[in-house]
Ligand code: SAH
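In the block that follows, a single chain appears as structure tokens, in the form predicted on its own.
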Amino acid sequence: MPARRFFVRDAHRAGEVVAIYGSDAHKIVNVLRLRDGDVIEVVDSHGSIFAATLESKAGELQARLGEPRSAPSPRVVIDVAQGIPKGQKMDFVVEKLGELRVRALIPLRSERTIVADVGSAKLERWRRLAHSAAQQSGRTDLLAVTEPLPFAQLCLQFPEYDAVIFPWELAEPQPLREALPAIVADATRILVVVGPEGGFSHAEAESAKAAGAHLVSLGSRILRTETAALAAVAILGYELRL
């Protein structure tokens, strides 16, 4: 029921009534043309999935929750740190990573990042896009879009992952299909780090390697920043059978 799946904040229990607002309410009433008594799926912040019955009260759209079921925990989680690109390229990245079931997207500030600041309005937009991507693709959680992080601070988080994959155009040109099995063997938490339009500097690549990252090549062609993360995650998904 992906087209009828909607997300609400916080944890909930069977029998509770939750309010549905904004674009979700518009979609239910004006696009899907559902009415009181029709059933939708509601997913709360803890990943519980409810069959919920629509009901209106005082002009407000509500849903009464049935018995929950839990989505299976993913065998492997993938986070992506994406160098913040110019313009609306990040919109595309958010949408596609949301469809590819990446757990979290970390907007990354690095040496060659051109975008000086990411305001709250832009973050909110990216989170709305992640919300739409989850509904469209039928996933049972939302891609988490975090606050932007400086490169040096991201490197400090590398030990939290079993494998950190660092695509770099100057990495040893070993085919990824040969390098990847050893890198991700038994890994359950993986981080992919992608640079901005100008890529990573030599100093950043060396810092990442010293912090435990695996510098890898995505092939002989230099991919655009908005393409690199998608390619890496798709290849990971194939290798890990996700």
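Heads up: residue numbers just count along the shown sequence, starting at 1. Keep in mind that what you see is a predicted model, and the values were worked out from it rather than measured.
Just so you know, the form predicted in complex with the named molecule exists too; it's not on screen, but the next bit is about it.
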Open item on the list: Can you tell me if P167 lies within 4.5 angstroms of the named molecule in the model of the complex, counting non-hydrogen atoms only?
Closed with: yes
- [ ] Considering only heavy atoms, tell me if R9 and the named molecule come within 4.5 Å of each other in the model of the complex.
- [x] no
Open item on the list: With the partner left out here, check for me: in the model of the complex, does some heavy atom of A205 sit within 4.5 Å of the named molecule?
Closed with: no
- [ ] Report whether the minimum heavy atom distance between A63 and the named molecule in the model of the complex is within 4.5 Å.
- [x] no
Open item on the list: Counting any non-hydrogen atom inside 4.5 Å, which residue from A234, V17, L223, A25 sits next to the named molecule in the model of the complex?
Closed with: L223
- [ ] Would you point out which of 35-43, 192-200, 178-186, 49-57 contains residues with a non-hydrogen atom within 4.5 Å of the named molecule in the model of the complex?
- [x] 192-200
Open item on the list: Within 4.5 Å of the named molecule in the model of the complex, counting any non-hydrogen atom, which residues from 130-155 show up?
Closed with: none
